[in-house]
Structures are given as structure tokens and as C-alpha cells.
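The chain below stands alone and is given in C-alpha cells; this is the form predicted on its own.
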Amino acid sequence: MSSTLTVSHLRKTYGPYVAVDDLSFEVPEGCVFGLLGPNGAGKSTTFKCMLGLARATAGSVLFGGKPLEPALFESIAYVPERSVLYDWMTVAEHVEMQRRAFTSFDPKAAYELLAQFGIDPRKKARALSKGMKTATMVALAIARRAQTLILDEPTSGLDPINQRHVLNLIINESARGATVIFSSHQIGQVERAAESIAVIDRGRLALEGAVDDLKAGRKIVEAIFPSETYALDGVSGDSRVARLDRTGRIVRALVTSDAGEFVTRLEALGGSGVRIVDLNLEDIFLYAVAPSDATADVVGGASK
């Protein structure tokens, strides 16, 4: 599958502050791609550099193998994190402005989408709530019929019903052949819609790949031990353990294979309530960006 977007060694600094640092990833054509990261990780800055709204300090961004140029904006729709609607204009006037600006814009589709969100096109933008402003921008972007959609927090401020509606629209856009790149603070939303992800932390790539591939073969094994100083007899050195975390008496291990056999080992060491938990996107995200807890085989100074 060819790439719609290729980001190579992207770097953006603001004086001494490094917002994006040697960031590289590829977005396959026609997929839904989720960009994840903690607050301040550099997601919005990355989007701005991709679209020329901020000048990258170094690196390159290619759309279909070509550098960004004005003609490409006919096929790229962007929804920023903050509203860019004109407060003094009505929603209908925004629809008309888009109709005049983009040849592929479909006003009928825009009004249908606005109706689905319950937005009165006669209202001025200043009268809309934060969520309704987001929904209006999403509706205008979808009605563009663009080949690439870049959506920064496209469910921000929306109620759960409209959040689900936006996710359905994102999935539908991918089904018609468009490429959708979106960020969200709500990992469950990304897990529902995205086929591939990139996780960035402090401006650097922490993890990238297809969601199914990142989950494949890996499980979480949880156990409760009799005390916080219970010896684990070399568990942290087990070749199957990619990460071992402890919170009090609870041990949580990320294992790469043979989860059932690992359960038996923890039970033999005195663990109770041992269970296998499927790895979800939240686990993948947290393991990518959170520092490891202590992984020694003994907690609290007890000997093995």
C-alpha cells in the first residue's frame, strides 16, 4: 500500500524549546491513522508543520511523494483544535464561503451533516457552543470530499452521541477511499476508528504501527500477592516479560508469548486472582509514554 503522507526527520523549535524532535512516520493511503500523545507532546505542532502553518526547523513532509504546494489544498481538509470560524458570520455564510473556495465542496452534503448535528445554519458562529463549533468545522471538512483529512481533536467539546457520530463519519470517509489522520485525547476513540497509530512523547516518536500488529501475541497478566515485599523469584528476567509493573501487592506483566504458562508461574509463586487481560490501545499508549515502574524481583527491600 502506498503512502499518502511521509513525515521525515521533522523538527520544530521555538527558541530553546523543542516542540517536535526528529519525528518520522508514514500514513498508508486510504486508512484511518491516529496520532496519540500526552498533552504538550507536539501533536498540534506536527499538524501545523505538515500543512505549512508553522515553518519546520528541519525535515520534510511529502503528500503522495510531493512537497506541499498550494494546489494540494484542494484535496486536503483540515480541522484545527481551536475554532477558526468567523464569529460575525452565520453557519450558512461559512458554507457559501467553502463553496466558492473549493471546487469539490458539496453544499447539500454540508447542510445534511449540519442537520445531523442539530446545528441551525442561520446562527452566527459566536452563538455556537465549543462543541457545535467543532461539529460545524467537521461538517464543512467532510463536505469537501477531500482525499486527505487532517483532524486535530475532532470530537472536542461534543457530547457522547455526537462524538460517536464524528467517529462514524471518519470511518465512512476511509471507506470511500479518503485518508484520515486525526488526534484525540480519548484513546478509546482512536482504538475504535484507527487502523494504524503513531505515539509521540515530548516531540519524539515513541511507537508506530498497525493497531492489530501492536496487539498481536502480547497479553497482560495480573496477579495479587500476599504482601508488598513478596519475592518474585526472577520473574523480571523472564524472556517473555517485556515490562513488569507493581502497585502495592498487584503485579502487572506485559508478556509477549505463552501467557497461560506465565499464569502458572505466578500462581506457583503465591499469586492469587491471576488473570489474562487482552492488550488494548490504552495499554499500548501508556507503555509507550510512561516510565517503567520498579521491575526488581523484590519490593520494599525483602530478599529473594
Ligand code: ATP
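The numbering used is simple: start at 1 and walk along the sequence shown. Values in this document were obtained by computation on a predicted structure and should not be read as measured data.
One more form of this protein exists, namely the form predicted together with the named molecule; it is left out here, but the text below deals with it.
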{"property": "Any non-hydrogen atom of residue 38 within 4.5 angstroms of the named molecule in the model of the complex", "result": "yes"}
{"property": "Any non-hydrogen atom of residue 19 within 4.5 angstroms of the named molecule in the model of the complex", "result": "yes"}
{"property": "Residue 44, heavy atom within 4.5 angstroms of the named molecule in the model of the complex", "result": "yes"}
{"property": "4.5 Å heavy atom contact, residue 185 and the named molecule in the model of the complex", "result": "yes"}
{"property": "Among 254-262, 239-247, 44-52, 60-68, the region lying within 4.5 Å of the named molecule in the model of the complex by heavy atom distance", "result": "44-52"}
{"property": "The named molecule: the contacting residue among 106, 191, 153, 222 in the model of the complex [heavy atom, 4.5 Å]", "result": "153"}
{"property": "Heavy atom within 4.5 Å of the named molecule in the model of the complex - residue from 195, 208, 233, 81", "result": "81"}
